[in-house]
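Structure 1 and structure 2 below are the same protein chain in two forms, each given by itself as structure tokens.
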Structure 1
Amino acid sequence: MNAPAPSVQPRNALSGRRALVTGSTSGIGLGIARALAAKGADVVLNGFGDRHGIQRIQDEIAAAFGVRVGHSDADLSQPAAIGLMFDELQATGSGRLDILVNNAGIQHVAPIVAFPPAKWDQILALNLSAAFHTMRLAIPLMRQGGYGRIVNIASAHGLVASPFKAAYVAAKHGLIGLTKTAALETAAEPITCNAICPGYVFTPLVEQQIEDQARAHGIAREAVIRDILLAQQPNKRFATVEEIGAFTVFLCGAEAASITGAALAVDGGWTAH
């Protein structure tokens, strides 16, 4: 009798790997960190929140999947804080870094003429420059460990624009350019770098946008979801953090070795228009 074909993603496919997921105390980042841990990777969380709440998340993931779960509260809009986070990363756990997910991001919605310059700087610093700084420090560690997977969480707004999101759209387009450059610089090595471009995913960031738009237009939440947010998204549903987590896991595995420099849409057909 033939042996059963190996599953594409064994349960421990990422065992022995160590991942840093930025902005992972909430939303998509937390979903990705959980999905990587479920495949056996040690994870370092990053992001803000109540210290006890974050500790509970760390304990819960560690107990569920038998992996080590650290946390850094570094403010990634500050290059010096990113440097300190990497010093700590190298001094703790195995010291290695195999997987980097650049996910931390914020949004601000306003027309260009009314866009606060300080918001522009803050969004560019977090949504774009932070990924440069983490990659600058992570690639040497990946080279040292002989394996690297970089996944940058861009957006459908990295591929197409919408009005009133100047900083976000500019940063996400830039992040895709940065992704392609890193992919070319590491292409001959066992390192890949890709961008995931989600459409709307239901998270606290989107919840905030629903409330803001409902207030701005004086309409009900349901109308904001149907007529504004999902108006662009042909499949008319929010993606889930579990879907983005599963796709990230695939990109971080051995099977995705030939996928690099790609901007991969997970947007229900948004950018097919």
Structure 2
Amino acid sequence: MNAPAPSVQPRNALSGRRALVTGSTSGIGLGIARALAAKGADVVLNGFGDRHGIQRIQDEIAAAFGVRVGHSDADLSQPAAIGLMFDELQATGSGRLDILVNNAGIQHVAPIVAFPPAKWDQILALNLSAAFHTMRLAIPLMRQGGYGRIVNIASAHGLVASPFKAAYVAAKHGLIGLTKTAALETAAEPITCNAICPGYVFTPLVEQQIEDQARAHGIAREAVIRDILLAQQPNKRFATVEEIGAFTVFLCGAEAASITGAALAVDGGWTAH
């Protein structure tokens, strides 16, 4: 007897849905926004950058996938700016929000005793508090629309720690706790909340980090990748933004309705140690 064919999301699986992806004018966030648009979701980008460059990104996504693409340059470290962004969301397009992806974040590396307090505050504001503020405003819209998917981009550092990354590790651990709390509060509704915990993902910022480390240590690019950046990843390869985008799309679809409150590692075995 032949096994049933595996379920494959149709091209328009997210048609009629509207998604906000924070920190999405480049890197992982942009990859996620493109993946959602490819499945038919209208997307709202968020992030700083050259206005003309961002408009080109919007136009390219809209033309490629036939969806509406908006943009907000809200500074997510400021709760008032987040509030204004949501006012604009409700005043434009359909006024609905079905999908929220909290991806915006920054990093700083220093020993705790030398960690600048202002940098601590900035990282906690953007990497953790911003997600609280977007979620508290998004959940009522999801309840109103009868559908909600929240995906918080945490990190392997939300599950394990590394030295010299106090603020980032604290924020990402906190983001996973926030994810679980929101999942419990919405569990009886058609809303889910999950965290994806990537290891290293290859982006232009990581490429620059490779080059900087190679110069600083006087070693080959391959050695930087293998012995420094991916030292904790058993598979010794970077994830791609396309992989993170595809996983996010799955969590945002109907097939993932029973997955909520999970911290899902995409880290090449890092946290399996």
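What we label the rigid core is the largest C-alpha set whose atoms superpose within 1.5 Å from one form to the other. Each residue is numbered by where it sits in the sequence of structure 1, with counting from 1. These numbers come from a predicted model, not from an experiment.
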The same chain appears twice here, once per structure, so which copy is the form predicted alone? 2
Post core alignment: A41 C-alpha displaced by 2 Å or more between the two structures: no
Superposing on the rigid core, do we see a C-alpha displacement of 2 Å or more at S26 between the two structures? no
After the core is matched up, is the C-alpha of A214 off by 2 Å or more between the two structures? yes
Supposing the core is put in the same place in both forms, how far has the CA of V224 shifted between the two structures, in Å? 2.7
